[in-house]
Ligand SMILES: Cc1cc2nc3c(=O)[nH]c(=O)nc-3n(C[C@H](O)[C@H](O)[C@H](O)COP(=O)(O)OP(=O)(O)OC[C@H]3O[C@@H](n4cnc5c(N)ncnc54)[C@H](O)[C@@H]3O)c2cc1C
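Single chain ahead, written as structure tokens, the form predicted alone.
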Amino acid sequence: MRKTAEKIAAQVSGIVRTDEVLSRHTSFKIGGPADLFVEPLTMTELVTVLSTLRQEEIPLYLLGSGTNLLVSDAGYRGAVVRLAGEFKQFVYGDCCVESGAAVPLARLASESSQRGLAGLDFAAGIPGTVGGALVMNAGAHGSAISDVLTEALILDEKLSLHSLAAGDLGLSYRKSNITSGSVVCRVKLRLSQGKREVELKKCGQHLRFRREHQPLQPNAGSIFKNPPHDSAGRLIEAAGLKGRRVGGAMISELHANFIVNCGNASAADVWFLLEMAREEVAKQFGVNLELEIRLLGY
């Protein structure tokens, strides 16, 4: 792996490291080391990195801001690629914004409200990047990124770029048809002209809601997707698991669909709790909860 790192470092101006501890890069503050960690800054560098990894037959994982991810305590035997540089840039047009995939979604929501543009207020406080939000069609308060997306620039598994319309991406509740081997590079979002004070007020209300209803301790957001016509948090709480603790991890006392790191949690602690929740909800209510967080190293 060190030879591969040296080869990539000779062609990439961004960060290239071996044995990078992933707890530094996840909102859970949990996770062992990745064999290789790379931050390409341009489209050319991204293609170079992906091509080299493919030639060397090294598995890779594309990391956003690590906000909906549980990384194994053993880490990841492969390369973690995180977009930076030009992928963190965005530009506004006439009631629209073109954004790189590595831009934090919450930042874009804040900037849009400052400009008096409506349509992204639902994303105020949502952790994660624009690219990651598109892959899982992130949303809140009855809205989702699919409501404002017009097109996306995708690098496919053959390293070919495609500009795809929103309707081609199979966007539904917390899902898209973007494959794990593809990379979201840029998106274009359609907004509408509003009033700055109104948009700022809506963002502020959404932020207050999050502070009041979601835990502040390190976490990865909602652990499970909400089943049809119900709430995963309600079911887990009804199963008597709210506040249940294993090691350094706990099912949040504020919202039962969150597992929090109380300071020294391991991935094994979190896994034990989420499996407990899944089994108890299935046993007591006959509902099979589906994971919303992603897993790495399992």
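Sequential numbering from 1, following the sequence displayed. The shown structure was predicted, so the numbers you read here are calculated from the model rather than taken from an experiment.
Not pictured, yet referred to below: the form predicted together with this ligand.
The candidate site formed by R174, S182 and F258 is fully in contact with this ligand in the model of the complex, as each residue has a non-hydrogen atom within 4.5 angstroms of it. With this ligand left out of view, the stretch that reaches within 4.5 Å of it through heavy atoms in the model of the complex is, among 224 to 232, 111 to 119, 189 to 197, 137 to 145, 137 to 145.
This ligand is not shown here, and in the model of the complex it never comes within 4.5 Å of any heavy atom of W271. The closest non-hydrogen atom of A133 lies within 4.5 Å of this ligand in the model of the complex.
Looking at Q214, you'd find a heavy atom of it within 4.5 angstroms of this ligand in the model of the complex. The closest non-hydrogen atom of S99 lies beyond 4.5 Å of this ligand in the model of the complex.
L69 is the sole member of L69, I251, A267, L36 with a non-hydrogen atom lying within 4.5 angstroms of this ligand in the model of the complex.
Residue S27 is the sole member of 22 to 47 found to place a heavy atom within 4.5 Å of this ligand in the model of the complex.
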